[in-house]
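Coming up is one lone chain in structure tokens, specifically the form predicted on its own.
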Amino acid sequence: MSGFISWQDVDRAFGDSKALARFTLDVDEGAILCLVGPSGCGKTTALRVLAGFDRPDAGRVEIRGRTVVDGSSFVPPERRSVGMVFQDYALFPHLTVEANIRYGLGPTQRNRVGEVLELTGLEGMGDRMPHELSGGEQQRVALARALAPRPDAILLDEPFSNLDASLRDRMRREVRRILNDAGTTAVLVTHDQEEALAVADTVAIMRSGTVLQVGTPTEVYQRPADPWVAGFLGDSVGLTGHVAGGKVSTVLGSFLYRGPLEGPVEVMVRPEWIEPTPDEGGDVTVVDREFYGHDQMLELELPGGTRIISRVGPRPGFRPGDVVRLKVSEAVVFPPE
């Protein structure tokens, strides 16, 4: 059964470059899906195909069970019941906030302006012009305008990229709250892994026009599908290992393993899963330290010269030259490449 939004075997090429290759993905009703991947992976093309701004070479796209494009039909963007929030917000500079939101609404929907102003925290700003607003306020106007017609879905293309770091963090929380309060199905495109993990109910990791893994933020971060996904989603320590007798052995020690693999394997450990403890009898040395206030990143040298990184809280205050012992809380095992 397909989802509330569904791409089915969608292909799209631009000359010899294939942006989407049998791209298949479902979105549940009311969920926030983040498409995340490196530049050129096809995520914006997938969004444009869904919105109707681009027509695929093959495949089918459905919204709320209705086919909006396939080999024989094409529903234009204005009839797809989707709202779009662009990277640059695309507000009309000569219209007030209220007029921007009212634009495109029918006569029977005029009362929606006040509702979405309240929903997006813009009460009292209806008479202001876009240039009088901060970046975060302009973003909320763009979101309010997209929500006003009660679309089946909201599409957001890199919505936080024009904001500075501190405002970006706050707006992530604001946008997620607004979408949840509205009960709207949303698809958000981003190249920022942290953004995807923070905002989404479901994350789809893309590479070369296809989806490599779909899951909750916790699932894709803690149980990545392969070493590439592991490295793309955050810092990771890659090790070689060997599985035998229900254990996997590495330079960090042995771990219980109940999977199907035997023999040589690849092992991934997140830096925050490696816990160093000061111990003069230990055999691991702190080589370098970067202190960030809320946490610190340590470079550690193991017996034999292998170097790894560990992320820990701000205390204790490790220093280069300190000797420690390590405890590893978990690891992920992959087949050898």
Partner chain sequence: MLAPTSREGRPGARPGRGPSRLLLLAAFLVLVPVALPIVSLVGTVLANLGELDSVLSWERLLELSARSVLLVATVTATALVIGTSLAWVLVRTDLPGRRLWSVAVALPLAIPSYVLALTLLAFSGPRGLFQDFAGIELPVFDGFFGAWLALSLSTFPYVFLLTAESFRSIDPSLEEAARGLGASPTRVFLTITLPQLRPALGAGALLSGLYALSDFGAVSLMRYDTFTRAIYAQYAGRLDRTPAATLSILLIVLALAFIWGEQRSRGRGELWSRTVRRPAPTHILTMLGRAGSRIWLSLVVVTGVVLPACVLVAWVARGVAAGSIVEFDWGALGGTLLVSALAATVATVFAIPVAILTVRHPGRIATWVDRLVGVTYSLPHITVALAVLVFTLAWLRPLYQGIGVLVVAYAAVFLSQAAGAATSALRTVNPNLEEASRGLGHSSAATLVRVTLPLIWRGLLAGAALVFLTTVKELPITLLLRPTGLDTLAVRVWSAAGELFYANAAMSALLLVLVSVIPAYLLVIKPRAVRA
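Residue numbers count along the first chain shown, from 1. Remember, predicted model here, so these are calculated numbers, not experimental data. By rigid core we mean the largest C-alpha set that fits within 1.5 Å across both forms.
Note that the form predicted in complex with its partner chain isn't included here; everything after this is about it.
Novice: Checking a candidate spot here: are Ala196, Tyr221 and Ala225 all in contact with its partner chain in the predicted complex (at least one heavy atom each within 4.5 Å)?
Specialist: No: no residue has a heavy atom within 4.5 Å of the partner.
Novice: Considering non-hydrogen atoms and a 4.5 Å limit, which listed residue (Thr216, Gln87, Asn180, Ser254) is close to its partner chain in the predicted complex?
Specialist: Selected residue: Gln87.
Novice: Within 4.5 Å, heavy atoms only, which of Gly245, Pro260, Pro93, Pro264 is in contact with its partner chain in the predicted complex?
Specialist: Flagged contact: Pro93.
Novice: Within 4.5 Å of its partner chain in the predicted complex, counting heavy atoms only, one of 168-176, 187-195, 206-214, 124-132 shows up; tell me which.
Specialist: Going through the listed ranges, the match is 124-132.
Novice: I'd like to check something about Arg140: if you look in the predicted complex, is any of its heavy atoms closer than or equal to 4.5 Å to a heavy atom of its partner chain?
Specialist: No.
Novice: Can you tell me if Arg270 lies within 4.5 angstroms of its partner chain in the predicted complex, counting non-hydrogen atoms only?
Specialist: Output for Arg270 is no: heavy atoms all beyond 4.5 Å of its partner chain.
Novice: Considering only heavy atoms, tell me if Val82 and its partner chain come within 4.5 Å of each other in the predicted complex.
Specialist: Yes, contact at 4.5 Å.
Novice: Is Gly104 close to its partner chain in the predicted complex, meaning a heavy atom pair under 4.5 Å apart or at it?
Specialist: Gly104: contacts its partner chain in the predicted complex.
Novice: So which residues in 132-157, when you check its partner chain in the predicted complex, have a heavy atom no farther than 4.5 Å from it?
Specialist: Those in contact are Glu132, Arg145, Ala146, Pro149.
Novice: Verify the C-alpha shift of His131 between this form and the one not shown: is it 2 Å or more after superposing the core?
Specialist: The answer is yes, as the C-alpha of His131 shifts between this form and the one not shown by 2 Å or more after core alignment.
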